[in-house]
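Single chain ahead, written as structure tokens, the form predicted alone.
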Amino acid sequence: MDLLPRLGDTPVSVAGRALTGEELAGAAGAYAARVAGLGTVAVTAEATLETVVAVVGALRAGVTVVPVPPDAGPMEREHIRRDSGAATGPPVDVAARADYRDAPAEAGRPAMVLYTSGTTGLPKGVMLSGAAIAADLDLLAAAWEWTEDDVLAHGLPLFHVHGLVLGVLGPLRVGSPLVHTGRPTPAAYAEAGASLYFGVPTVWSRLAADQAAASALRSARLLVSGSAGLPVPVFEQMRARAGQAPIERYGMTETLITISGTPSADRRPGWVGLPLPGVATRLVGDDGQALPMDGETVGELEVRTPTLMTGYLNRPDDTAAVITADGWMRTGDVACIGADGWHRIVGRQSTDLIKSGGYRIGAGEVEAALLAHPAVAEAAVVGRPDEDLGQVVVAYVVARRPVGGAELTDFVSGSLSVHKRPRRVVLVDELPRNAMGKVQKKLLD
């Protein structure tokens, strides 16, 4: 399946630098010729034209793309490199041009491996096929009435599903021009003049607080929010100031986007919409039995979808733990489903997945980084509510010797992505534990 059929037709602008569709195709062709045969290539996914050219070029060469967060610390970067076996991508010359005949990927080779933080340990590589990506983008284009007549604008990071798969490969598949604002500021969104906007709740919160910027979006056809739940006050403020509230959608790196609102449907604050065509959902209880879809009963959401990942790279046991024998994905998210099929995501089964500013942060990963500091004896990390970011990372630390919170924050920033650093460090004498020695995070205050 040709993942990018409209490549030569689609202009792209990133942080004020632009390429026509023809120029992008030529630059990506030149890059494809350089990486052909590498198998897997790592791309430091900064918000630049170079990242777009590298990702598109590698896909055209049939090479698996591994986006690396640009702010990844040395420990995280080394883990991704070793786990994926990716070669370092060569420098990108956006002025280079070459005709290139696309090379199909080898059978079974993923188009992309996206690393996502789990609740414990180091990030896992999610293998996504080109067919799954194409299927999801087509489903979303139909659901959102997304056509070549649209102009998409967003300022999201280019190393995960929202910003890269939806936000770059989406317009290149549909044929709609892309304006990446560089940073997702209210002023940049207001100046983009687009018909379709993507954002995470933090983006919409900041826009809602800027009446002039929000009003500038009144000419847009559709606003889409994802990566975390949109606070109801932000929903209402955007509806009042921009003339419409964002629709919400739900997905995971492992499944891509599976549930969404649509332009023509009612927009319900706190609800993420209906399953996309071909997607099935169900709620299960702790005993694995199906639960009623009555809009009140909550259970773990399971999804069966043609957009499902191939599996976790090098982790067959982890893959088997989340995908049932009959193809259902155990999402780990708690939800309720109304009689009309609308879904509301309540939260995680565990307390160890933190969503901050659209990022998904595994508490165990931050805890491991803190424990590497010589002054730290024990650490427990949780997410705490924040009006701007949704949640912030808060660390509770038992110290071996006197140490400051700023020192520990800087230490974590040196080994992990900057957005994973604790925003607050609380020094405590001990962590609450149960009889089995497990930390009781709900008792932390």
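These numbers were taken from a predicted model, which means no experiment stands behind them. Residue indices: 1-based, along the sequence shown.
Not pictured, yet referred to below: the form predicted together with methylmalonyl-coenzyme A.
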_Residue-level contact is defined here as any heavy atom of the residue lying within 4.5 Å of methylmalonyl-coenzyme A in the model of the complex; does Leu389 satisfy this criterion?_
yes
*Please check if Ser227 has a heavy atom lying within 4.5 Å of any heavy atom of methylmalonyl-coenzyme A in the model of the complex.*
yes
*With the partner left out of view, is Tyr359 within 4.5 angstroms of methylmalonyl-coenzyme A in the model of the complex by any non-hydrogen atom?*
yes
*Would you check, heavy atoms only and a 4.5 Å threshold, whether Val418 touches methylmalonyl-coenzyme A in the model of the complex?*
yes
*Of these, 238 to 246, 141 to 149, 284 to 292, 156 to 164, which stretch puts a heavy atom within 4.5 angstroms of methylmalonyl-coenzyme A in the model of the complex?*
156 to 164
*Could you work out which of Arg304, Arg77, Arg173, Arg206 is the residue within 4.5 angstroms of methylmalonyl-coenzyme A in the model of the complex, going by heavy atoms?*
Arg206
*Work out which of Val113, Val366, Val179, Ile257 lies within 4.5 Å of methylmalonyl-coenzyme A in the model of the complex, going by heavy atoms.*
Ile257
*Could you run down 180 to 205 and flag each residue that has a heavy atom within 4.5 Å of methylmalonyl-coenzyme A in the model of the complex?*
Arg183, Pro184, Val200, Thr202, Val203
